[in-house]
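Shown here is one chain on its own, the form predicted alone, set out as structure tokens.
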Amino acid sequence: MEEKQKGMWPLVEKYYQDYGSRARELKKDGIKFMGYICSFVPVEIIRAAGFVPFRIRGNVHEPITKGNTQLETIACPFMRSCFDLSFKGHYDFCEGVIIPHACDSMTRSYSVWKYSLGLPYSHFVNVPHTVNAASLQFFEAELNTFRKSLGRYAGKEINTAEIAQAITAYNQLRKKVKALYELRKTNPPLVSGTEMAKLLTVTAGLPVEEANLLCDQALDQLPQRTAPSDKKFPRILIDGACIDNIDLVQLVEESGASVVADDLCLGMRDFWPTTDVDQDPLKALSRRYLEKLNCPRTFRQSPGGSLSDDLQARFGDMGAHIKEFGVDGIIIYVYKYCDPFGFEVSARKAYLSSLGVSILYLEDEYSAGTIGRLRTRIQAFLEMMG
């Protein structure tokens, strides 16, 4: 498609290939960046404090070397890659790092990040693992503690009006991303999964105003595309944790499928939920990040208590996406040593099987070298689907 070479796509390609390059440019103009890991960090509070939230990502193409001298090798390979790049100075434009209580690898490695990198600021956000009135109340208080801590470092008091403004800006971004997903409902889709993955990865390292502008440009250009082919390909949803490199999505599409939806941290799981604007900002943020982000690290149980009810409470959003986007098959992609997702595989497969979709389960390292070995299994899965 010739459109890929026009408009905003060269900029997306540049920022994807050299992640952090825009941050280095803006830092020269006095813009301050604050690093964070995981979707459970409330970026709205970081923005309200006067920093640009910068999502630290790994790189499947760069071997983990220096990071292995500080973190044990049985830790999550994604976390080790993120730490390795940080330890090597790739993200030295960030003034600090914020890590949430998302999984054991994040929780147990926080002290290593704090003491090994020698950053001016660091903070651990304690996120409850259950969703009820008490946990929401606790999390709201925890976010207030974070607000005060970051405010002291920034030398200002972060008021509710500033948080509300940040909520509005990020709600706009999430709504625009959702509009872009709508373009993937056509058969064939007007935007590929690879393009979408690049765009969403790039937005995580930009000021929210620039991310909104990129999405505006995409929404202007993409509907004008003509379908790349009349041939219909199997429509795939990729389910997993933080896939912040395009290699898997690209491999699936090169093998003869269309990746039309996902249940990923840098995808629908993070961008679909918005924050309510009709209540106190901290209370609204506590509900968005604890109640609306449907991640395996958070325990969910239906009031009914039956197995089918529990599965619906945990995976019902994925079932809705399958129906809405006309999904034919699911690829569950789990990193080695990722316990929150690994423990849920059997339950996820049971729920998805009840919907009548084909399922392929893959466990892999966080490395481009191992992703290539999955090609045969993915191709066989697509052939089996007919």
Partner chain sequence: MSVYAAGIDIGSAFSKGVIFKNKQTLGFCCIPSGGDYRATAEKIKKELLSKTGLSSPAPIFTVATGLGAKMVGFADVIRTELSCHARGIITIFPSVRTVVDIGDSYSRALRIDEHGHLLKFLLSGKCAGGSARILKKIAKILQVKLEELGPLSLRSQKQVDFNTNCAVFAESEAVSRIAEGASKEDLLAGIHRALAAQVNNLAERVGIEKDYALVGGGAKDEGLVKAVELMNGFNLVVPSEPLLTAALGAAILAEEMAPA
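Residue numbers count along the first chain shown, from 1. On a predicted model such as this, the values are computed, not experimentally measured, just so you know.
Another form exists, predicted in complex with its partner chain; not displayed. Remarks below refer to it.
Under a 4.5 angstroms non-hydrogen atom cutoff, its partner chain in the predicted bound form lacks Ser21 among its neighbouring residues. In the predicted bound form, its partner chain sits beyond 4.5 Å of every heavy atom of Val327. Contact annotation for Thr376: at least one heavy atom lies within 4.5 Å of its partner chain in the predicted bound form. Taking non-hydrogen atoms only, Glu13 never approaches its partner chain to within 4.5 angstroms in the predicted bound form. When you look in the predicted bound form, the only residue of Leu360, Ile322, Ala49, Val60 with a non-hydrogen atom within 4.5 Å of its partner chain is Leu360.
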